[in-house]
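Consider the single chain below, provided in structure tokens and representing the form predicted alone.
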């Protein structure tokens, strides 16, 4: 009995933390979707399903959702491809391997705000480093952040560069768990390096691949810092993300009920997409 009581006391801080900082905000947000609140007024009138009806007729929300999906479609293949290539390279017995592993992880632990300001300067149309190099090579400058065509791909590249090290670590862990005997047996049978990569490495990395795809998708739907700092959502809302739209409604328009509604819908979208990805990709996973 004393052991049970001691256990209850040990888990109590976590239960309190869970209730106060996770369960209560979620339930309050759901409750807020049925109300109209400007954050400062003590009156919070009940509006029923009005926020949901407004959402269905909000063209800007669907534009922000499309922008976010476009970001994910560019960011995930780019991120996974680069992370896989680097992980395979860093898994080889190369000189200075420890240094490169640390160097590629450095952007992950660097502030997203700092990285966004740095890349905003590098991608600047007039005096940016990238366009300076292009002009020295005899090419025309590209409006990376001021063009509706280039703004979101530029942001996708910066986000991929920042998070690359995190996914390299996941792939490295997956690569190091593959038994070397598989490669030795394949070599004896005459398999080339390319055949070993596609017949052994890729199938054995499926659990890591599933994890990376789901994490990348969730992170992609939460896009905020890069477009907020680098483009402000422009030009013409072409880089406005859903989370940025929530922020604008909540803290610029002080429309907390509508912001909570968008947030709840976004959470349901993330949950649905993650479950679909898990169902589709888990078929090929062997643990």
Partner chain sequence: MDRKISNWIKRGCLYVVLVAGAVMFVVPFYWMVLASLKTPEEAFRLDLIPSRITLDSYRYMLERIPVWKGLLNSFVFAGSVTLITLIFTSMAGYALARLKFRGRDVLFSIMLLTMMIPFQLLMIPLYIIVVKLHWMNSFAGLILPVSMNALGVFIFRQFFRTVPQELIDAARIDGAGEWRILFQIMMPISKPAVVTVAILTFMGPWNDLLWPLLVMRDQELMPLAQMATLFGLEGQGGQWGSIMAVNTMLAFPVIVLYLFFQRYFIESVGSSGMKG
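Being a predicted model, the structure only gives us computed values, none of them experimental. Positions refer to the first chain, counted from 1. Note that the rigid core is defined as the largest set of C-alphas that superpose within 1.5 Å between two forms.
The same protein also exists as the form predicted in complex with its partner chain; that form is not shown, yet it is the one meant from here on.
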| query | finding |
| --- | --- |
| Answer range among 178-186, 198-206, 88-96, 69-77 for contact with its partner chain, defined in the model of the complex as heavy atoms within 4.5 Å | 88-96 |
| Heavy atom of residue 153 within 4.5 Å of its partner chain in the model of the complex | no |
| Its partner chain contact in the model of the complex: residue 191, any heavy atom under 4.5 Å | no |
| is_contact(residue 138, its partner chain) in the model of the complex, heavy atom dist at most 4.5 Å | no |
| Residue 49: touches its partner chain in the model of the complex, heavy atom cutoff 4.5 angstroms | no |
| Within 260-277, the residues that have a heavy atom no more than 4.5 Å from its partner chain in the model of the complex | 260, 263, 264, 266, 267, 270, 271, 274, 275 |
| Rigid core fit then residue 44 CA moved by 2 Å or more between this form and the one not shown | yes |
